[in-house]
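Shown here is one chain on its own, the form predicted on its own, set out as structure tokens.
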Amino acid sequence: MVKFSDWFDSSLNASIHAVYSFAFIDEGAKREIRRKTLKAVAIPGYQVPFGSRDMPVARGWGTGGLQLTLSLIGTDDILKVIDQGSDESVNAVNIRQFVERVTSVQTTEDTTRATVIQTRHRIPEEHLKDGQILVFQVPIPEPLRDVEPSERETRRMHAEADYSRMWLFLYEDIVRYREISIGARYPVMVNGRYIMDPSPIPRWDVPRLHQADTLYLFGAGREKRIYAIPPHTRVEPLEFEDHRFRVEDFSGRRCTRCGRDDTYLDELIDDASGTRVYTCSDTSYCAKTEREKAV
């Protein structure tokens, strides 16, 4: 006997594929996005303008990353979507279900199986290998926005590598707080040429951009920008000789679920006791660790 839910889902998928081309976006738009992506890969850290399309999600909710994913994904790919490290958040689930519906590709929560990973503000804890693509959803692609509001002026500053105002901004931060207080969106220098915004990932993830084995793509749909860090590219966080870059310190803390003390941890308040507890931000890696310990 055929269940109504199964019939409805199959009928809806069939109607979607009858109306839209594979992966929702029309082929001309995909070609344009792929051309801009190739330019971004050829000039690491450079922001390439592109014609951002309307998507069935609001701008600011991952349209840039979603367009990159849809333009690159193929029938043989395996997709993983995370939001702040979690596979179960509303944003991650909705995007994963949408891409699965318009492409019929396999999806997974296992980082090692995925060929395309779309992420909002985290890099998975497990080492990413050659052949994988990590697509970032980016809200603000311009790293100089805090020091210069004019888009025309920031374009000139990037063209001339005039980053003195950014260095002054960091120096004033040290004078005020005795250290660089930037948390997420810590600016990095790519290939010794362009200062780049690595999306609002925590400092914990910034060192993993350097000489990575995988391709990092960044898509900002609202700002209409694409940029990239190809594999084996030099990526250095901005720092001074007497004020070095440092990541978040989780010394003495460990995940209450899996017991790991070498991952990026989220701080939570236990409703029963009112005490602070910590769990791995990467829920898939945490669950995998629990399963390995149970064997």
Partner chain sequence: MQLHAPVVPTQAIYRQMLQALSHPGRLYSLDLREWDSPLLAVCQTLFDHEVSYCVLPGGNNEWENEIFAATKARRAPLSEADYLIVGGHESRGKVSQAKVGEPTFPDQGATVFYVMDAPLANNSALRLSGPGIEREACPAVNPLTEAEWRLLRDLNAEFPLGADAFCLIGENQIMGLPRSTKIRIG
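Numbering follows the first chain given and starts at 1. Values in this document were obtained by computation on a predicted structure and should not be read as measured data.
Just so you know, the form predicted in complex with its partner chain exists too; it's not on screen, but the next bit is about it.
Participant: Under a 4.5 Å heavy atom criterion, is H210 part of the interface with its partner chain in the predicted complex?
Facilitator: Answer no; every heavy atom of H210 is more than 4.5 Å from its partner chain in the predicted complex.
Participant: Is it the case that V41, even though its partner is missing from this view, gets within 4.5 Å of its partner chain in the predicted complex, heavy atoms only?
Facilitator: Looking in the predicted complex, residue contacts with its partner chain include V41, since a heavy atom lies within 4.5 Å.
Participant: So in the predicted complex, is its partner chain close enough to T263 to count as touching (4.5 Å, heavy atoms)?
Facilitator: Heavy-atom contact with its partner chain at 4.5 Å: absent for T263.
Participant: Could you confirm whether I73 comes within 4.5 Å of its partner chain in the predicted complex, counting heavy atoms only?
Facilitator: I73: yes, in contact with its partner chain in the predicted complex.
Participant: Which listed residue (R113, H127, R101, R165) meets the criterion of a heavy atom within 4.5 Å of its partner chain in the predicted complex?
Facilitator: None of the others qualify; the residue that does is R101.
Participant: Since the partner is left out here, which residues of 25 to 63 would have a heavy atom within 4.5 Å of its partner chain in the predicted complex?
Facilitator: Heavy-atom contacts within 4.5 Å come from E27, G28, R31, R34, R35, T37, L38, K39, V41, A42, I43, P44, Y46, V48, P49.
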